[in-house]
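What follows is one chain in structure tokens, specifically the form predicted on its own.
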């Protein structure tokens, strides 16, 4: 796979990388996952605390966290029997905030 580091606007990005990008953005297409990401912007939290905040079952939260974990959007940390989750890195917060800023900008621009 070709590296995209240092790409300029004139260079093509490989189809493999564009496919990976498409797959990556699919994980942002679910409201529950977006809500989990928004909660984790404020720091690490246990599965049960996330479920309480969302007012949905722990198994539904665990399912979404499993998807987010396999896509490298969140990372787990175990402390005894409790699993805590955090955003995988600062890029996830930046992507969330950029998307949110775009939506809010469009809403303010409407008559």
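Positions refer to the first chain, counted from 1. This is a predicted model, so every value here is computed, not measured.
In what follows, reference is made to the form predicted in complex with the DNA, a form of this protein that is not presented.
J.: So, in the model of the complex, is residue 71 in contact with the DNA at a 4.5 angstroms heavy atom limit?
T.: No - in the model of the complex, heavy atoms of residue 71 and the DNA never come within 4.5 Å of each other.
J.: Evaluate residue 30 for contact with the DNA in the model of the complex, applying a 4.5 angstroms cut-off between non-hydrogen atoms, and reply yes or no.
T.: Yes, residue 30 is a contact residue.
J.: Just checking whether residue 83 would be counted as a contact of the DNA in the model of the complex - the rule being heavy atoms within 4.5 angstroms.
T.: Answer yes; at least one heavy atom of residue 83 falls within 4.5 Å of the DNA in the model of the complex.
J.: Looking in the model of the complex, any heavy atom of residue 42 within 4.5 Å of the DNA?
T.: Judged by the heavy-atom cut-off of 4.5 Å, residue 42 is well away from the DNA in the model of the complex.
J.: Determine the residues of 35-65 with a heavy atom within 4.5 Å of the DNA in the model of the complex and present them in sequence order; the list may be empty.
T.: Residues within 4.5 Å: 46, 47, 48, 57, 58, 59, 60, 62, 63, 64.
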